[in-house]
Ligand code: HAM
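Shown below, as structure tokens, is a lone chain in the form predicted on its own; questions about how it binds or moves come after it.
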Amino acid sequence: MERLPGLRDFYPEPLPHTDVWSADARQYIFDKWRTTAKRYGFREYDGPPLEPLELFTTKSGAEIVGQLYNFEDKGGRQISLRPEMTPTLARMVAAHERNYKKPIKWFAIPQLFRYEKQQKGRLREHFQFNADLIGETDPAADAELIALVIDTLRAFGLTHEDFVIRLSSRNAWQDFYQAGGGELAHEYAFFQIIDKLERASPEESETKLAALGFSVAAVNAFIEAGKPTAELESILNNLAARGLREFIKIDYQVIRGLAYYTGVVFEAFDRKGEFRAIAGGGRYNNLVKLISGGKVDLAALGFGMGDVVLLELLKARGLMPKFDSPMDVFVVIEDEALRNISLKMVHDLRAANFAVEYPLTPAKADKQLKRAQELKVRFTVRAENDAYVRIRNAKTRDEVVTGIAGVANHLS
């Protein structure tokens, strides 16, 4: 029986096949995400993988249903596997925001599902590092979040030569549109054209822009000038003070979710242009109010960083460590009369935070030692009698005999 298309199996390394994914690599990525987020004062939260379908259609419109794993449950409710985490966050914050001091700084590592066509860097499920900052309107919050993106990627060994944060602003485009005499009623249509500028032909973009009183030349000139607004300048100065300015580029081609983001937006890309966006986010000041039906109005911003593209990038740059998972100790049981004493030693060593293996059933000593080599243990330990044990360093082959009660201290 095979797994469903677009979903993944995660195996411990060494991997048995190229068509499976590494559970060790996944945990390595999760650990880096968690460690960096906590250094920035973000607290971890989580929510259910199943949500009311209405939660996602409220945020993104009915057209999103075609991208979801949605169904009617046995209670007659229309529900969906979560395709993103931010609507859940907005629901949770709206319900209990009075219990938390502002700004709220939370992160999560959810598994997300979308029923979409599979392509490079995009599957039907992925894990995603989400970090959000709620209840602060000052651009200092935007800078804090962008710094978290940068330091998260740096935690994997990536440098400014490997990736760049493309920084933009919906407000900058609104100023450009209004200065050019654009009508408010057609502003959304204008943003749609800008959003598809890199994918559409110049002729198609020219025709659509001309209908709104603009030209591709004027739009490209604005993008190429890359002049930061006062808001973006404040963010750049903040990041420069941290020594992170070299990671940032003003790029007004980045506009992101049209009906969702309300201000500063950004995306992280590898500088060689080999992969999809590594991360992306921005301000969404209206979402909490929308999800709460107008009862709670809090400014918010956040980003998402998926594991699929990140893993591809780390592999391409040779930055994934080897996952040998060596054990600390193998307890050899050569004399079955000493099994109970050996089991007590195994348990005591594990309680002292050592990773310990031993033969579950009687086996010849050479077979046990072969297993110890396969596990790449640091030490073998063998009970000599009920009072003494022999410890051998697997690397140096030095041996020492010590009292059974002092094994943990000696290994430490």
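The numbering used is simple: start at 1 and walk along the sequence shown. What we label the rigid core is the largest C-alpha set whose atoms superpose within 1.5 Å from one form to the other. As the structure is a prediction and not an experimental result, all values here were calculated from the model.
This next part talks about the form predicted together with the ligand, which is not shown.
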Report whether the minimum heavy atom distance between G226 and the ligand in the predicted complex is within 4.5 Å.
-> no
Quick one: does F222 come within 4.5 Å of the ligand in the predicted complex, counting heavy atoms only?
-> no
Heavy atom of K208 within 4.5 Å of the ligand in the predicted complex | no
Classify R122 as contacting or not contacting the ligand in the predicted complex by the rule of any non-hydrogen atom within 4.5 angstroms, answering yes or no.
-> yes
Residues in which of 282-290, 168-176, 321-329, 239-247 have heavy atoms within 4.5 Å of the ligand in the predicted complex?
-> 282-290
Indicate whether the candidate residues I79, M92 and W106 are all in contact with the ligand in the predicted complex, with contact defined as any heavy atom within 4.5 Å.
-> no
The unique member of V309, V149, I193, L158 whose heavy atoms fall within 4.5 Å of the ligand in the predicted complex = V309
What is the one choice in Y261, Y252, F214, F163 with a heavy atom within 4.5 Å of the ligand in the predicted complex?
-> Y261
Heavy atoms within 4.5 Å of the ligand in the predicted complex is the criterion; list the residues of 96-128 that meet it.
-> R114, E116, G121, R122, L123, H126, Q128
Threshold 2 Å Cα movement between the shown form and the other one for K120, core superposed | no
C-alpha of D195 off by 2 Å or more between the shown form and the other one on rigid core = yes
Given that the distance between the C-alpha atoms of E63 and K117 changes by 3 Å or more in the predicted complex, do they end up closer or farther than here?
-> closer
